[in-house]
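Below, in structure tokens: the form predicted alone, a single chain.
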């Protein structure tokens, strides 16, 4: 299978769409503040969103390249992909503090 390379502008569109939702922006801010990975369940509880809704938001952030997900047993842990923020939106994370 041949994977199409995305242009920088296409990448930006995915990122801005992902960040245009307040819940997803709150997830990014929370992960940045904690400076470590968090479990999907923990984030869902803090933001008071159900599992299905949380899953959708995590998927959107992951597909935009903003987060990475690690699975351990039945638990999933999410962390920020700071390299993408540093390349495409330098300084953006500091505005969330």
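Numbering follows the first chain given and starts at 1. If you're wondering where the values come from, they're calculated on a predicted model, not measured in any experiment.
What comes next is about the form predicted in complex with the DNA, which does not appear here.
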Is residue 50 part of the interface with the DNA in the predicted bound form - any heavy atom within 4.5 Å?
yes
Contact test in the predicted bound form: residue 55 vs the DNA, heavy atoms, 4.5 Å:
yes
With the cut-off set at 4.5 Å between non-hydrogen atoms, does residue 9 touch the DNA in the predicted bound form?
no
At the 4.5 Å heavy atom threshold, is residue 86 in contact with the DNA in the predicted bound form?
no
Heavy atom of each of 40, 62 and 74 within 4.5 Å of the DNA in the predicted bound form
yes
Let me know which residues along 10-34 have a heavy atom within 4.5 Å of the DNA in the predicted bound form, or say none if there are none.
17, 21, 23, 24
